[in-house]
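Take a look at this single chain in structure tokens; it is the form predicted alone.
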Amino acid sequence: MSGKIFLGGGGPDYGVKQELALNYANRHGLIAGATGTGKTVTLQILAEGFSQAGVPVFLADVKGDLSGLAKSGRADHKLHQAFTDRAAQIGFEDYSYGASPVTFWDLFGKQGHPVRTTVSEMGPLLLSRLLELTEAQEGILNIAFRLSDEEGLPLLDLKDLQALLVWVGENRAQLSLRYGNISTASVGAIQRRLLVIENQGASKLFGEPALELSDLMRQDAEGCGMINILASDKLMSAPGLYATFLLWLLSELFEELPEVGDPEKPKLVFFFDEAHLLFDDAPKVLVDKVEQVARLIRSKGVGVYFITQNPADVPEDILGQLGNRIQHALRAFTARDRKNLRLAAETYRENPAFDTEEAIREVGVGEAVTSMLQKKGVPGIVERTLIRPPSSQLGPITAAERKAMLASSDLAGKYDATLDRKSAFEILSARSQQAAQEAEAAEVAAEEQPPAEREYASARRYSGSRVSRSSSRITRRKDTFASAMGEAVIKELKGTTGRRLVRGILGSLFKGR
């Protein structure tokens, strides 16, 4: 490999050839443009180029078109002549058809290997974003996670979190003394939101075996990087789940991968399609943390590329970090559209040969305005570029072809069967059963007492209360399960702060690998 990925260019009406330097590919990038202008094909040729360079790729297949990466293009395709003509025009002399190594993934486990994480690994910040919680509700969720971390109550799936929230609600009086007010209304609101995302399919995401990041960073026998494709056509019906999962995956990469500085090529390239979903209605604290991760993850050897219709969909602080840019056509029908077009043009290094704003408006399908990082990371002069044709199939493979690839995958069977080990739900259920058995045993023992002793014991009780020997103050009995458990947790918390688990920037567990 030359250390570069050929993107396109050439021809009498276009600038110099445009290439993405692999040693600057971890400086992140942007693919933008209106619907139907060629963003998907651009993503496809970038994935091919990274794979051929030995760089693993992760991308979401929102439209279902990118599965064609797994199959070679064909000479009998209706666009074959157009592809060969384009290759000749831009000087793509070694253009040929070929497939890329692909692994299919699916949160629902139907169009790919199942993808799972645990509730605990997701963390309270991202889960609050998924559940669309208020500040007060997010505070209660943080309390639940703190108790889980400190008390050894693993939160693996949704039923674990639901069980722990029930326990928090039952013991809210005791817990409020330590953590602040806990209202049953807020606990109930969180439970209802959990039910909503469960109906959207989130129960498939949470559980074990959890995804191992090493399975996303593999190469095939020929040294080509594996292209990991997440089936997202059905997932897009739950955009919050889609966005939260991708943010979790990015945070996991950030927390687990070691520092590598400026490598010759990335260790992994991560594509965020429909990037606006990541930031729509996101609280500022989350956007700030995503900006921090985007800034720092470069040193972990991970390149992040955002795909969206308009650059304005990406917050300015994050947009400023995207050094490699491919801008397809933007339409300017309204005043707001014209403003966004002007702002997009102003982010490029000017080319005296043409007006950038006019070029962005006029480029056709399969054309783009591009700027790649050059020597020492300096943005290149903006160029009008003819994007090279893909080598793999344009469009999706068949369901039968996908099924055959899944069956022959070296990951077949690894994630198929779910595990349900002992966790918060089972631990809390066991405690409840034990308390019920103890209460039943106490009732039986009381019934077996002689009548005189029962009458004496009854005389000492006053409507469920007792009188203290040292004062006339009446105190309530504390033999209920909730009260007993509340006292126990307050007692135990005094010695558990040193066992608190460490969480990273986006709240996911820091494993220290």
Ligand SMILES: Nc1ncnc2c1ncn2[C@@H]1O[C@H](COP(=O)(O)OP(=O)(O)OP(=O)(O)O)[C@@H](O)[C@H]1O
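In this text, residue numbers run from 1 along the sequence as written. Keep in mind that this is a model prediction, so the values were computed, not measured.
Unshown form predicted in complex with this ligand; subsequent notes refer to it.
Of the listed positions (182, 241, 406, 394), a single one reaches within 4.5 angstroms of this ligand by any non-hydrogen atom in the predicted complex, namely 394. A single residue from the set 124, 301, 389, 112 has any heavy atom within 4.5 angstroms of this ligand in the predicted complex; that residue is 389. In the predicted complex, every residue of the candidate spot (39, 79 and 366) has a heavy atom lying within 4.5 Å of this ligand.
Using a 4.5 angstroms limit between non-hydrogen atoms, residue 193 is distant from this ligand in the predicted complex. The closest heavy atom approach of residue 347 to this ligand in the predicted complex falls outside 4.5 Å. Shown alone here, residue 415 lies farther than 4.5 Å from this ligand in the predicted complex, counting heavy atoms only.
Contact between residue 97 and this ligand in the predicted complex is not found at the 4.5 Å heavy atom cutoff. The stretch that touches this ligand in the predicted complex, counting heavy atoms within 4.5 Å, is 83 to 91, out of 83 to 91, 277 to 285, 104 to 112, 228 to 236. Taking a 4.5 Å heavy atom cutoff to this ligand in the predicted complex, the one contacting residue in 50 to 69 is 63.
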